[in-house]
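What follows is a single chain, given as structure tokens, in the form predicted on its own.
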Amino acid sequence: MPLLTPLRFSWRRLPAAGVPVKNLGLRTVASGASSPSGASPKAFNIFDRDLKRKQKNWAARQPEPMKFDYLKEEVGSRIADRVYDIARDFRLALDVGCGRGYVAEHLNKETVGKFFQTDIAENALKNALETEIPTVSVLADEEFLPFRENTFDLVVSSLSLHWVNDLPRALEQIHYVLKPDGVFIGAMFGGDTLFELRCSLQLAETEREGGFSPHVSPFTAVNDLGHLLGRAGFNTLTVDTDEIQVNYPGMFELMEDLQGMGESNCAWNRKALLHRDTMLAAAAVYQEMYRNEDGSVPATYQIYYMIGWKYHDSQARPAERGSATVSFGELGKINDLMSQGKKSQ
């Protein structure tokens, strides 16, 4: 088991409640204009989505899947905190790429009336964590959401969107299924995630084999997220980053946990196998470069959190350009003006 450092956990096991699927707003394709084959014109086919589904299904079938849930439960609880920060109730919510339901378990039925949970892995849906919120499980791809326009008051996504090939399309679909004035709250891995593992593997493979292949999947840059959210139609955007560091006995224990999370690399250009001596060399490099005083090694997970709203006439809007009555040059005189006003009183 890993040695956890600044993680906080909020374990809750609440009675499960199910609801029938008869009221589902199902549709063939979530995008209003394109078909499943019509991805974005410049979309890249980076990840083997069928392999990712198999990896997640394998992880969900393990005898003790909760042993590897620590990171996803922590991020799920932080997304739930952001939901609670919004002073309103959500009658209908959707979790995109829910896994075993790491967000729903931290929410209550007073905040969310009904939760639709979608994932590409059927075993993850079958083995979902318990929650007091009535839930409906839907087997669906993040890039092809089978719901009608303006269906949900809230959409969340926790550590799933970093595996989609067409992130702009996925965000557009989320925006499409949101009701006006609905909110999207998401989290995905950032570019500095597992930099220790990436560097160790690259150095060892270069030294032993004369070159290296990508063994950690590529991630989105934080400065691109705001642009992608705005392009998808969201406004009143918030994007922030956080880091969670977990300590492990060694590199091999870290890789075992990544496999147990269903987070193994599934990029098409990945190298299927590494030589044994290369792996041993990488573990030694990891220890030498990054080990803690107690002999453990850290693994850094950078998390991007994003919040975006679908437009509604009731939302606050910036004033028209040129409507200001005070210039920035006069702001420096505000203290003088206030003191003069007090003297005149």
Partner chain sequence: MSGNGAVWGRVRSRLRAFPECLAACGAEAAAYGRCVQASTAPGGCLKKDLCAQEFEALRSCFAAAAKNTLTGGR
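Numbering follows the first chain given and starts at 1. Owing to the predicted nature of the structure, the values given are computational and were not obtained by experimental measurement.
Beyond what is shown, the protein has a form predicted together with its partner chain; the following relates to that form.
- Remark: of stretches 77 to 85, 140 to 148, 167 to 175, 251 to 259, the one touching its partner chain in the predicted complex is 251 to 259 (heavy atom within 4.5 Å).
- A heavy atom within 4.5 Å of its partner chain in the predicted complex is found for one listed residue only; from Asp224, Glu132, Glu209, Asp181, this is Glu209.
- Between the options Ala267, Leu92, Leu237, Leu203, the residue in contact with its partner chain in the predicted complex by a heavy atom within 4.5 angstroms is Leu203.
- Contact annotation: Glu288 falls within 4.5 Å of its partner chain in the predicted complex, judged by heavy atom distances.
- Among heavy atoms of Tyr311, none comes within 4.5 Å of its partner chain in the predicted complex.
- Using a 4.5 angstroms threshold between heavy atoms, Trp58 counts as touching its partner chain in the predicted complex.
- Among residues of the shown chain, Leu51 is not one whose heavy atoms approach its partner chain to within 4.5 Å in the predicted complex.
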